[in-house]
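Presented below, as structure tokens, is a lone chain in the form predicted on its own.
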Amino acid sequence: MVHPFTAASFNQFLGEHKLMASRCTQCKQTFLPPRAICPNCHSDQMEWVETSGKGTLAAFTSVYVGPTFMNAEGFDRNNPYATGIVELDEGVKISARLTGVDAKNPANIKIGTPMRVEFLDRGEGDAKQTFLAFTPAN
């Protein structure tokens, strides 16, 4: 099956528990989120590549006032969650929710921490969605 380089395809791969990026077959640059056209050499010769899902924490923040769907998961001013940017071993960066960290004590979260991908499944049947997250690799 051919997957176009769209957010829908990216989300479909997440549902299969695969973190996919696009790579330009001309200049070999990798992009995450995926791109249909290479921003480096402007080629449309792209291919899907599965990432290792491993990387290091590059930045983070604790969120005390989140969107409605995070409130529905129990997060609020008294129970914050963390989100961050992870630089994958492939050299690309992606933002995602962080799990397994203490968002109430952000001083304990360290830049450079080894992270691994995690797929958060929510809902069932046709309503099922998979969200991208990272957790400490230790």
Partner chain sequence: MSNRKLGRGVAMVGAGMCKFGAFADKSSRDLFVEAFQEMRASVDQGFDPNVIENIYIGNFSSDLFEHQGHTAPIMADVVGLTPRPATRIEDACASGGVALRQGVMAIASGLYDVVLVGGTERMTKLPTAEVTDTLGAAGDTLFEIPAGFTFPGFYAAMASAYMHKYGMLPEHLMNVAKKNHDNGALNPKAQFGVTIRDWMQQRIQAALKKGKPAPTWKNESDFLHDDAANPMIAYPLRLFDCSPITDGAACVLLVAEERAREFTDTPIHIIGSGQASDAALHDRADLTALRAAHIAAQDAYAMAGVTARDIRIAEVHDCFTIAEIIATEDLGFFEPGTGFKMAEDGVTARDGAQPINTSGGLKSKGHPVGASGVGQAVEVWKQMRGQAGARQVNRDVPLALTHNVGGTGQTAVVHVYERK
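Just so it is clear, the structure is predicted and the values come from calculations on it, not from any experiment. Positions refer to the first chain, counted from 1.
Another form, the form predicted together with the partner chain, is not on view; read the next lines as being about it.
- Taken together, the three residues Leu32, Lys93 and Phe131 all come within 4.5 Å of the partner chain in the model of the complex, as judged by their closest heavy atom.
- In the model of the complex, the partner chain lies within 4.5 Å of some heavy atom of Arg77.
- Using a 4.5 angstroms threshold between heavy atoms, Thr99 stays clear of the partner chain in the model of the complex.
- At the 4.5 Å threshold, heavy atoms of Asn71 reach the partner chain in the model of the complex.
- In the model of the complex, the partner chain sits beyond 4.5 Å of every heavy atom of Thr56.
- Of all the residues from 83-115, those having a non-hydrogen atom no more than 4.5 Å from the partner chain in the model of the complex are Thr83, Gly84, Ile85, Lys93, Ile94, Ser95, Ala96, Arg97, Pro106, Ala107, Ile111.
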